[in-house]
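A single chain, nothing else alongside it, follows as structure tokens in the form predicted on its own.
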Amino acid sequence: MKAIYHKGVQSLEGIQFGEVEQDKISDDEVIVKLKTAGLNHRDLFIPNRHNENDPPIVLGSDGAGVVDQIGADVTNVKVGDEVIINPSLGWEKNSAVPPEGFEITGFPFNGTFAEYITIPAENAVPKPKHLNWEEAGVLALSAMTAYRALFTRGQLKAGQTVLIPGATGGAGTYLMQFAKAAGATVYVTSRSKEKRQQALKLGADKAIDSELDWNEQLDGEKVDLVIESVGAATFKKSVDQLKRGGTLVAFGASAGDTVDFDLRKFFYGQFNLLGSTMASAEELHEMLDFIEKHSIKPVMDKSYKLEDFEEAFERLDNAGMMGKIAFTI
């Protein structure tokens, strides 16, 4: 089958497009013929983690398609069903932390940037009816991550104020839409004037320039909750915008892993610092109910064919997108 895979040199230069062997099916698995797949920042990191001496790995965590074949013990889906891929492997029920053995589709197991994927049957989830194929194919990973960070960990309530730094990528646009649907006031940051204007059109109450003074642009207003996925470039500014007793949830570090901040100011402020990553299958189904109830759709950026992967990865790597990048298969 045709696929985007990584092999050899531990960098983005090891990403290739070509023929790979399709995984065989077990009794409790299904094979999905993919129609679309979605790019995530995770796909930029895997090539640096995949050992150059290991077999080729098909990249990609998000996808949607039609069940093509089912194992002998499978009862939850049938051939012909339209499904999305739940990329959370081995995490069924909501819990404080993922269970031992938890993995994500696309590494160390083959992912969605291919014509077919073989997955456990429970990871083939009915496609939301209000989404088209491209929207369904980019949904799960970043929307699950956003949902857990905002509601399970952040405990967002109607009437609260939430700040989302860098809210113009995939997870950020979900966070913005989810928070507004939940009745929160939403502030976002971006370096791009164009993206700030787009964020306002999507419902953000304020969109500020991330490179200028945040407190000044927000007229000294502090927030109940910050969802932080940028990392070192924004972390201290995020802490500074919290109300006393406020909460910061961190789930990403695209602009640096290591931060330093004023610990005394932190504990005198009675702040809460929480980590979050991905989500369980239970939270995925909660999120699907939520987006159906509120008619929420992914914000789409651009679509590419698999063979045009270099252009798609470059757009993601340079943070040129507003919303999600899709592959059509």
Ligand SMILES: NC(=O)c1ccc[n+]([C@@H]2O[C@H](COP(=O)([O-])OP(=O)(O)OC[C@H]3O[C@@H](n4cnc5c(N)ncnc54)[C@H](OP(=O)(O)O)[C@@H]3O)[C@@H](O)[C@H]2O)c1
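What you see is a predicted model, and the numbers here were worked out from it, not measured in a lab. For every residue, the number given is its place in the sequence shown, counted from 1.
This next part talks about the form predicted in complex with the named molecule, which is not shown.
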item: Triplet Pro128, Ala182 and Ile296 all within 4.5 Å of the named molecule in the predicted complex via a heavy atom; value: no
item: In the predicted complex, segment of 74-82, 130-138, 164-172, 116-124 with a heavy atom within 4.5 Å of the named molecule; value: 164-172
item: In the predicted complex, the one of Val20, Leu316, Leu306, Ile15 near the named molecule [non-hydrogen atom within 4.5 angstroms]; value: Leu316
item: Candidate from Val223, Val239, Ala253, Leu202 lying within 4.5 Å of the named molecule in the predicted complex - any heavy atom; value: Ala253
item: Thr36, heavy atom within 4.5 angstroms of the named molecule in the predicted complex; value: no
item: 4.5 Å heavy atom contact, Ser88 and the named molecule in the predicted complex; value: no
item: Heavy atom of Lys195 within 4.5 Å of the named molecule in the predicted complex; value: yes
item: Met176, heavy atom within 4.5 angstroms of the named molecule in the predicted complex; value: no
item: Members of 271-298 lying within 4.5 angstroms of the named molecule, judged by heavy atom, in the predicted complex; value: Ser276, Thr277, Met278
